[in-house]
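Let's start with one chain on its own, the form predicted alone, as structure tokens.
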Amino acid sequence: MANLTIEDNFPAGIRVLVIDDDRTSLHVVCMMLESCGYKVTKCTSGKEGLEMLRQEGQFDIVLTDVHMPDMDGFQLLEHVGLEMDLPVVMLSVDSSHENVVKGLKHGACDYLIKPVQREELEKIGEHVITWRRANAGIFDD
């Protein structure tokens, strides 16, 4: 895991993997993230995203759609939780209490309802900091 230092331009430079089978939603979310200063990599399937995470391992946070045909966001969340030390944010048009609770109980650090607002995406850098403090002890207070 790469060390992350907090700088004046934080959160610029945080590496985000965005996974969504809806190409329009993927494009919009990625454009908003890039406008916030994040370094964005995108893919259109859960399986492809998992392979990228396993091979490249150069991400600070994952944003994944919940409902995808090949591997849903909950399955991806499970793999990330077992294999990697990364925060995961779930994205979905499904705002049902059941799915939101399921995502958070299974380890997601947030569950955002589509259409996602730029203000919500600006805050994902905070999830990286919180995750690293809680799970890796990288930062000193």
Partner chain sequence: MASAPFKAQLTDLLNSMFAMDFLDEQFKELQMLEEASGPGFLTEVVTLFCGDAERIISQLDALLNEPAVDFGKVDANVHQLKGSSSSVGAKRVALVCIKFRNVCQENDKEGCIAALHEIRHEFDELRKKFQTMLQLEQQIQDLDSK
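Positions refer to the first chain, counted from 1. Quantities reported herein were computed from a predicted structural model and do not represent experimental measurements.
The next section is about a form of this same protein that is not shown, the form predicted together with the partner chain.
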property: Touches the partner chain in the predicted bound form: Asp94 (any heavy atom, 4.5 Å); result: yes
property: His67, heavy atom within 4.5 angstroms of the partner chain in the predicted bound form; result: yes
property: Contact of Asp22 with the partner chain in the predicted bound form (heavy atom, 4.5 Å); result: yes
property: Thr130: touches the partner chain in the predicted bound form, heavy atom cutoff 4.5 angstroms; result: no
property: Which of 101-109, 70-78, 48-56, 86-94 sits within 4.5 Å of the partner chain in the predicted bound form, heavy atom basis; result: 86-94
property: Candidate spot His27, Met31 and Gln117, all three touching the partner chain in the predicted bound form (heavy atom, 4.5 Å); result: yes
